[in-house]
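The chain below stands alone and is given in C-alpha cells; this is the form predicted alone.
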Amino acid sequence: MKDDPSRRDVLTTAARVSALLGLGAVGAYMVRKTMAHDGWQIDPELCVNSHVGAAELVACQKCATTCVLQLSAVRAVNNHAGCGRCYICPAYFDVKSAVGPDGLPSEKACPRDAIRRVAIGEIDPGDMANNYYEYQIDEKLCNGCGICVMGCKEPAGLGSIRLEVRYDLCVDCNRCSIAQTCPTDAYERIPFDKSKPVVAAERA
C-alpha cells in the first residue's frame, strides 16, 4: 500500500495547481484584452447633423475637416431598413438645384459623389417614379461631411443616414481631434469587440 502523501508533496501539488490556474487566468485576461477595445463613436442624439427635426441648418463638417487622417475615419452610414427608397432622395439629390430634362434635380448633394443610386427590382420604363431605389454609400469616397445626413433628416427624409466612426480606419487617438472640436460633445468612447466588425444595420 502506497504511503499517504507527505506535506511537501501536498504543498508541491497545490503550488503547481495554483500556477496553472494563474496562467489560465492570465491567458483569459489577455484574450479579453485583445478582443475588448475602447473606441470613439458618435451619439446620434447629440450630433448636429443627425438631430431629427432641425431645419435650415448647415452641415457641421467637423468630422470631415478636423480628423488627423487625410481622409476622415468618419463615414456616413445608411440604415437601409429605415430608408424610404425614395425616387427623389434629398440626401442624394440637391433638391434646390434646377430640374433637368428627366424631371430630376440636376445636381447631387454629396460633394464627393460618394452615394450610388441603385434601382431595386424591375424598372418601369413608362414611369421611372414608380420605382424604388437603394442609396449605397461608397466608404472609399465618403469623408463624413454630413451633408447627406442633413438632407435625410425629417421632414424631408426619414433619418436613415447617420455618421459613424469606422474603428477599422480610426487610429484611436487618446485625444480625438474631432471630439475636441465637436460643438455638441457628440463623441464618446465606448467598449466594443474588435473581433466583431461594426455592421450598420445591426447598430441601427
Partner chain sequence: MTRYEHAGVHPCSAASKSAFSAALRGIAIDADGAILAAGDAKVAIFDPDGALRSSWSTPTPAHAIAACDDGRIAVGLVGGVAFFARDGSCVERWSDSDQIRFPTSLAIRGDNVLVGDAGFRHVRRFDRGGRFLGTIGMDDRGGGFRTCNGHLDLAIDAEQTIHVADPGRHRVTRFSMQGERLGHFGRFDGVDPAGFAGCCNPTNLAVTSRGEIVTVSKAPVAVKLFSSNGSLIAVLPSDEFDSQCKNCDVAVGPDDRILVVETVWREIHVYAPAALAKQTPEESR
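From a predicted model like this one, the values you see are computed outputs, not experimental measurements. Positions refer to the first chain, counted from 1.
One more form of this protein should be noted, the form predicted in complex with its partner chain, which is absent from this view; the next part is about it.
The stretch among 40-48, 60-68, 147-155, 169-177 whose residues place heavy atoms within 4.5 Å of its partner chain in the predicted bound form is 147-155. Of the heavy atoms in residue 103, some are within 4.5 Å of its partner chain in the predicted bound form. Of the heavy atoms in residue 118, none are within 4.5 Å of its partner chain in the predicted bound form. Residue contact with its partner chain in the predicted bound form: residue 81 places no heavy atom within 4.5 Å of it. Under a 4.5 angstroms non-hydrogen atom cutoff, its partner chain in the predicted bound form has residue 127 among its neighbouring residues. Residues 86, 87, 88, 90, 95, 96, 97, 98, 99, 103, 105 are the ones in 80-109 with at least one heavy atom within 4.5 Å of its partner chain in the predicted bound form, listed in sequence order.
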